[in-house]
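Presented below, as structure tokens, is a lone chain in the form predicted alone.
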Amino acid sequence: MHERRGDDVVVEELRCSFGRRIVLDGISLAVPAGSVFALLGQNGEGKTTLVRCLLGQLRPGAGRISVLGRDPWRRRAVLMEEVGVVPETPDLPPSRRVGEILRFWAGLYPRWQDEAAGERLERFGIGLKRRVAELSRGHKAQLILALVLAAAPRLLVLDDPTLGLDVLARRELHEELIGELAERGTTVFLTSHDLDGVERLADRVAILAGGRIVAGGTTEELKREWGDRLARPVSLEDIFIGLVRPGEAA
């Protein structure tokens, strides 16, 4: 594990509502620098809402957020030079060629690593002359990851990046992330439905249900606690089901 240098993300008593519907109800969490932090929850529990707050796209109703030492709502433009985002659905212009997109992104980020982006795309067989519309969903995911990582972010935000990918594409994306994170020590904030993938990637987990964090800690701490409680080895999926659907827990 990378040396802890403080917390790159701090959320304190965050509240967010849409009309009368409370989505986030006083949640608090901290993401240590160099860690891989996974936020888990069922659809509609507010994971993407929290991501939007972290990225300065949505102003919360109450509470405090610090991302890389800054208020994302007030300092979004500066902050996004150091934050890479892989969205649930990559939003890239379908008619553009891969090489054109690389050149455009290179002009946006002062620490752009052109050679690293090219090597990553070559490894996955993504030619610079191909148009985005011609790429598979898995290749689009690898393209956006290559773009984001080439900007050398301090913090990487992944909002369910493997949603809709087949098993092979998910594995390739996870392997790329694992290798990249081992090399750089980038801090990662991840939301995902892929619990097996999260168990491989994340060293810290928080589970969101009913607008609140119902469990959190290191992955090993949670597995040990629940393993002792159930008197058997458990997976992250067992813990998740036990918390959000207790009637289905074995």
Partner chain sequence: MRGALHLLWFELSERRALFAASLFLGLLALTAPLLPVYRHWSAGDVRGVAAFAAAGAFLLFAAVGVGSGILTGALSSGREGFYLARPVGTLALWVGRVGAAMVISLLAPALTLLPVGIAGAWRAADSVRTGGVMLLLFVPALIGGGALLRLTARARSLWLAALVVAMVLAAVAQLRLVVGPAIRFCGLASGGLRLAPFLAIPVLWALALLAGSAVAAVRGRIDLERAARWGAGTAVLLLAILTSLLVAGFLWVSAVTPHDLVDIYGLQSAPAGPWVVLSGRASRGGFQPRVDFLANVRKGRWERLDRRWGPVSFSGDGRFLAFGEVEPGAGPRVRMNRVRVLDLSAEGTDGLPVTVRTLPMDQTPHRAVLSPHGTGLLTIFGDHFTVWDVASGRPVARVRESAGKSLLAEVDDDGGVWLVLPVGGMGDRGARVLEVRHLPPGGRQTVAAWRVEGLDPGVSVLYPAGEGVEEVIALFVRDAGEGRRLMVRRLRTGEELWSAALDDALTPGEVLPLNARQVLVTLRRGRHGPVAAVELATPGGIRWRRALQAAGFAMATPGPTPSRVVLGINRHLGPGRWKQHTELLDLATGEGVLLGDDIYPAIPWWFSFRGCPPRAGSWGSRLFVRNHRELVLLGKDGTLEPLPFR
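Each form is matched to the other, and the largest set of C-alpha atoms that superpose within 1.5 Å is called the rigid core. Numbering follows the first chain given and starts at 1. On a predicted model such as this, the values are computed, not experimentally measured, just so you know.
Just so it is clear, the following notes concern the form predicted together with the partner chain, a form of the same protein that is not shown.
- Taking the partner from the other structure, the partner chain in the predicted bound form has a heavy atom within 4.5 Å of a heavy atom of Arg103.
- Proximity of Leu128 to the partner chain in the predicted bound form falls outside the 4.5 Å heavy atom cutoff.
- Put simply, Gly179 is far from the partner chain in the predicted bound form: not one heavy atom of it is within 4.5 Å.
- In the predicted bound form, the partner chain sits beyond 4.5 Å of every heavy atom of Leu158.
- Contact with the partner chain in the predicted bound form, defined as a heavy atom within 4.5 Å, holds for exactly one of Met80, Ala152, Ala116, Leu163, namely Met80.
- Interface residue among Ala30, Leu58, Ala33, Val214 relative to the partner chain in the predicted bound form, by the heavy atom within 4.5 Å criterion: Leu58.
- For the candidate spot formed by Asp91, Ser95 and Leu108, every residue has a non-hydrogen atom within 4.5 angstroms of the partner chain in the predicted bound form.
- Heavy atoms within 4.5 Å of the partner chain in the predicted bound form are found in one stretch of 220-228, 183-191, 66-74, 200-208, which is 66-74.
- Along 17-35, a non-hydrogen atom within 4.5 Å of the partner chain in the predicted bound form is carried only by Phe18.
- Positional change of Arg76 between this form and the one not shown stays under 2 Å at the C-alpha, relative to the superposed core.
- Taking the rigid core as fixed, one finds a CA shift for Pro93 of 2 Å or more between this form and the one not shown.
- For Arg171, the Cα coordinates differ by under 2 angstroms between this form and the one not shown after the core has been superposed.
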